[in-house]
Structure formats: structure tokens, C-alpha cells
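Given next, in C-alpha cells, is a single chain: the form predicted alone.
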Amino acid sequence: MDLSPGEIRVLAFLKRNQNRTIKESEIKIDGMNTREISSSVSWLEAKGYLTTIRETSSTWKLGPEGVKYLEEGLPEFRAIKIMIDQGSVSMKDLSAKIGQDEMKIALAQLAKFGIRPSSGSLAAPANSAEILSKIENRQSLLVKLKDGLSDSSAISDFRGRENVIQEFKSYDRTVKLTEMGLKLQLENAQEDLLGEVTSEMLLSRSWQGKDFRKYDLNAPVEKTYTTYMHPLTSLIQKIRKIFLEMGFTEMPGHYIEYTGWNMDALFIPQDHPAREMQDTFYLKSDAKPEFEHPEILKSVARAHEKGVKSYRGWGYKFNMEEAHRLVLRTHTTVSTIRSLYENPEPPVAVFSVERVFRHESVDWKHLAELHQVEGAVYAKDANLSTLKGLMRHFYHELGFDDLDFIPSYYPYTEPSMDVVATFNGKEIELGGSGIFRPEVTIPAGLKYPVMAWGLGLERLAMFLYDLKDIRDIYNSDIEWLRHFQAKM
């Protein structure tokens, strides 16, 4: 019997527990730390004396906002208390009492109970007491979350609320003896066999007279984890391979763009809500930016002011200063129009898988920095039927076959479609698509139609990898990554 002292002690512990299934974290042996116990368990499994099953569990605790709400009260709790006390409260007064930001949160939460502003005020409804009781339950739950809660159903009211709760994942193994382990007799096992000689033992000569443990050079080696791709990198490479096999060329792009390219060239009006600071990251620059192709701005300005051919445009005075502002690009379509302007001879088929930036509140389904997948074809015979065929092939390669094309709206394509797939019995919106409008292609000097489609990479990864929180994609927990790799 070639067992280390640690393995013998773990076996003895399991036998004393009458071979019931036990978690590795419950194995407590004097003189052995968790690392030594875990190593012994792995070796005993490799030698066939026990079996293990890996388990993942989650605990939810209060985040920074949750700690604040524990002390001050949830925004909706404070708001409904004011409403009940006063009968009604104006938006101005409510903002003064709980703050503008918390008032927005309170309004969003109270709307779920049917309480909405009317004529600039919130009035307490007839069932205020019932609603208050439900919100008080939320408030009391914060006390339990302070010490951690493992019941996922209990935290449903806080899902999607940034920084109120945080999920902590832990990993464990359940351990059970095999028949071979049960039959093994430990009476004659020697725990004091020497496995190694240390410098201290050499100096003190304490090794003399001791029996040494035998080593089997053919014994199984404990599993080691080698390097491999991050799941998102693996998905990006798969998408690149699909596009390249379709004959597409990967196009370069820039993180920092002019609004002239990022928005104006795509016929997004200069007063469009997406340009506001809460949606776009604007950059300051001491140097005056030089637009590398100023000639296109004149054509873009005419399209915005007066339109092209049978299209009348937006009818306002185009602001050249706005076109020269710098932003972190909000989409990769900007790379498409820039690339086609610089390479206007058809046919052209280009793609990119690159980062974009949105001024978003980060939560379980939103990121401020994400990847966008872009595909576009510029050709004399480009049309909607060809676009559908390309998308069907592209999404088929990703594992999506049951597709529907739903009419939609985008400022720079007409017609426009959203791609919806049925996957594992659920409908999933994969991305948008369409044919570039003449107001986009004509100012860029393009004579023929351009068809394009795109999707969010992280959202796609959530569906393919069965993740409930988009932030888990960037999880740097080595144990999580090992577990993920095992599932692939």
C-alpha cells in the first residue's frame, strides 16, 4: 500500500464518518491545512480510493450601494414613506428630500407597483399600505444580506440594481469512498514514514533510524492545468474564422473617432439623444484635431441640411465644430463607412470584432466597454435577400438555425431588420442589420448598395455559455475559468 501520511489520515477521517458523502471543506484534520487536504484528496481519487464531484455555489452580499441603503433606507422605501405621510409629493420636493439620482431609482421601482407621476406629482394610491409592506420586506432583506445569503430566489428584487448586491462564487468537492477505499485496511499503515529529507533533518540527523516511504515511478501524476484561451478570445477567433472562410477581409479601426465619422457620416442627426453625455464618452484635447478627409464633411453636411436625390435630409444648419469633436467610438459601423470611403471600388466584403464604448451603468446585462461584431458588403447586386442569406450562413456557423427577421429602425439603414433566434426554447435577439441609406452612401462616394449586420459579442457569449451575468465573462477567478474549460 503506497500511501502518503496525509492520504492515510484523510482515508481514516472518511472511514470514521461511515462513508457518507462529505464536502471537502468539511474535512478537518489536526496538523493538515486545506491545501494539504485538497492535495491528498486528489491523489486518493487518482489512485481509485475515492470519487469526487465538483460543486459551485453562490452567496450574495451587500455591495457599496446596499450598505448605504441599509443605513439610509432604499430610495423607494424613503419615497413611499414621504408619499404616505403627505398624501402626495411633487417631483421637485421629492428630489430635494432624497436627491435627484435616488429619486430616479425610486420612480423606476415604484413604477413596478403601478405608482407613476401625474402632473408633476406622486400621489399615494389606495393600496399604499400593501405596497409599503412589500417594500419593507425588501428593506429587511438587506439586514440578512449583510452576513450573506445563498437563496437566489430571495434576491430577485435586487437583480439588475447596480452595486446593491454582489455575488461571490465558491467551489467545493463532495467526496465519497469507492469499494476499493472501503476494503482498504489501515491498521498496518504507517503514518511516520519519511517522504522527504529536509535541510533541518540533515543538520540534526533526525532522519537516522527512520523508515522511508517507497516511491512508485509509474504512479499517476496529479492533474495539472495548462494554459488555454479565455472563453471570449475563443469565441472571437471562431467568429473571425467564419468571416474569413466567407471571403471577408478584416478591417482596422480606431478607439478614438471624430463625431464626423462616428455619427455624422452615418446620418445620425446632430441633436440625436445618443450624442448626449450620458450615452457617449467625449474627449478633451488641447490640440485642435485635424480631420483627415475634410472633403467628405462638405458632402455629409449637404446630406444633413438638404438631403440627397429624393431624400430631404434633416433640414437644420450643420455644425462643423460638432463634427470635429472627439469621442470613444460608440459602434464599429464607423469603421465600415471609413473603410468603404477609403476603398470605394466594389465588390468589398469587410468585417471587424473590436471594442466600443458606451456611457452605461454597469449591471448584469450592460457594460461600458464591450465588443461589437460587424459585417458589411458593398456590391452592385447587394440586396435584402442576399443579406438574409449571408446572415443565415453566419449564424448557422455559430449554432443558430431557427431565425426570424423582424422589421426595425436604425438611423443609417433602410430597410432595417433585427435578427431573432429561437435557442433552447427561448427567443433571443442577436443583432441588427439593414441596407445603408442613400444619405450615408452618396456622401461617401459609394455608387452601389451596402448591406451590413452586427451583434454584441458579450451578449452572444451569455447565451452560448449559459451565463446569467454579463460581468462573469470577464471573471478572472482561476477556479471559474478551469470549471468553464471543463464544460467546453
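Everything numeric here is computed off the predicted structure, so don't read it as measured data. One rule holds for the numbers: they count along the sequence shown, beginning at 1.
Although not depicted, the form predicted in complex with a small molecule is the subject of the following passage.
In plain terms, the part of the chain that comes close to the small molecule in the predicted bound form, with a heavy atom within 4.5 Å, is 325-333 out of 390-398, 132-140, 325-333, 164-172. In the predicted bound form, the small molecule lies within 4.5 Å of some heavy atom of Gln372. For the chain shown alone, Trp453 is a contact residue for the small molecule in the predicted bound form, at least one non-hydrogen atom being within 4.5 angstroms.
Mapping the unseen interface onto this chain, Arg78 falls outside it, with no heavy atom inside 4.5 Å of the small molecule in the predicted bound form. With a 4.5 Å cutoff on heavy atoms, Thr413 counts as touching the small molecule in the predicted bound form. The contact with the small molecule in the predicted bound form, taken as any heavy atom within 4.5 Å, belongs to Arg358 out of Arg338, Arg275, Arg358, His304. The contact residue chosen from Gly432, Pro449, Pro443, Gly66 relative to the small molecule in the predicted bound form is Gly432, the criterion being a non-hydrogen atom within 4.5 angstroms.
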